[in-house]
Ligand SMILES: Nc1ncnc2c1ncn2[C@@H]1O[C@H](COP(=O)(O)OP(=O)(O)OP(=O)(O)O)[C@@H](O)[C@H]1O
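Just the one chain here, the form predicted alone, laid out as structure tokens.
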Amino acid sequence: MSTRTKEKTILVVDDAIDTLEVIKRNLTDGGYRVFTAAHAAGAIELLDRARIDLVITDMKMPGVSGSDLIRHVRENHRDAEIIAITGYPSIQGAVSAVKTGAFEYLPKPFTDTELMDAVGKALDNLSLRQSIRSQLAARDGSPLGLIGESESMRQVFRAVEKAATAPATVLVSGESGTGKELVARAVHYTGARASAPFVPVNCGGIPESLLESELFGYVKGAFTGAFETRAGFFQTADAGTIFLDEISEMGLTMQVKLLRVLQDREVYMIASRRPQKVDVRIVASTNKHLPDVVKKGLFREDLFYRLNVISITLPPLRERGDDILLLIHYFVNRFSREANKPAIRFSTAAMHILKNYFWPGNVRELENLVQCLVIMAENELIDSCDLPSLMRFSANHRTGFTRTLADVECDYIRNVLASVNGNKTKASKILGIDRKTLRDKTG
């Protein structure tokens, strides 16, 4: 059995039973595992139950057509390759099948050799795509900095690859600490603008009164203290990428001015009457659901649509399965090297706690925890008792539904502060709130 056929599963869909049996026999003799379905509904059920590497489907079937099945596979099972077969071949049919998502178009009648060649090419293409994704996911210490093998992260990697090849504006969404800036950097450094500047701007960290001058710059004498002409972030990022982090924190007045930049590709420095052309790719991020912010009247709908040309959504850490093990391994090695200490290990009990913890601060919280453990560990083995108290079960802790939300929130904030040794800047980042809100909640 060749490497190509090893553990590969093929689903054949055709309403002609004789055709099904012939194709199944040939593929089985070739070393493949084969499922069959006489209609699209049965095929969809099999796709939901079993991992399928390749779907071979007839185009003309009663009920749901082969074209609809191809579209379903492409939108719901993107790790499967597709071959379309038909007894009514035409150039239009071939073009339609490929546009819908088929890798190969095979007109009936075809020989055994033609079938096996088409199957081999389709599976080779599938292996190539999977290899590219695995290499991207496994990059350690690369400019990307993105780590993960879960399907949700594979979708992010695919989106990054596509976004990097296009000049369109990108909107990155996700909870605080999920790695939105890493995605923005990945889009920039794997694209055509990689050699030009990448300029990150924290929209929530710059006072509204200063944001315009920071973004667009000002000319000498524009205001008290403007002793010289100074370029803004947009001019600095010319030919490169500007990353507008937490764009939802930008006020409505600045949103109007940003919209003009997106429309005209030019900026006005404060007190200047002449616009300056800028060639800048914009990547924006938010930890909020922007359509909801739009409905509340806090974010312009036209600006949202301008930003949301390519959308990339980062999953929270709690939904990434065993990715947490990869991230722990990466952070342990990184911080052990920096501290010049032996790499720590985790007991089974400690690892169970880490895998089942909710991770409200996501990857950033995990990174801070591992760094703290590496620095503070007195021996190489980390047990459950070495983890922060908020992660561990306590019989003395009040359980059930008797605690108020404010009580739970207060406890959690104290524990986060304790985990970062009272550093309010780090705590506010983990909690996804600003320092003022943190001060109000801690008194």
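Numbers follow the displayed sequence, beginning with 1. Here the structure is a predicted model, which means the values were calculated and not measured.
The following text describes the form predicted together with the ligand, which does not appear among the structures shown.
Original post:
Should residue 175 be counted as a contact of the ligand in the model of the complex, where contact means heavy atoms within 4.5 Å?
Top reply: So residue 175 counts as contacting the ligand.
**OP:** Considering only heavy atoms, tell me if residue 164 and the ligand come within 4.5 Å of each other in the model of the complex.
**Re:** It does not: once the ligand is placed as it appears in the model of the complex, residue 164 has no heavy atom within 4.5 Å of it.
**OP:** May I ask you to state whether residue 145 is within 4.5 Å of the ligand in the model of the complex, using heavy atom distances?
**Re:** Although the ligand is absent here, residue 145 would touch it in the model of the complex, with heavy atoms inside 4.5 Å.
Original post:
in the model of the complex, does residue 255 have a heavy atom within 4.5 Å of the ligand?
Top reply: No, residue 255 is distant from the partner.
**OP:** Name the residue from 363, 242, 290, 211 that puts a heavy atom within 4.5 Å of the ligand in the model of the complex.
**Re:** It is 363.
**OP:** Sort through 261, 270, 327, 344 and report the residue having a heavy atom within 4.5 Å of the ligand in the model of the complex.
**Re:** Exactly one listed residue reaches within 4.5 Å, namely 327.
Subject >> Proximity to the ligand in the model of the complex (heavy atom, within 4.5 Å), stretch among 67-75, 145-153, 303-311, 108-116 >> reply: Only one stretch passes the 4.5 Å heavy-atom test: 145-153.
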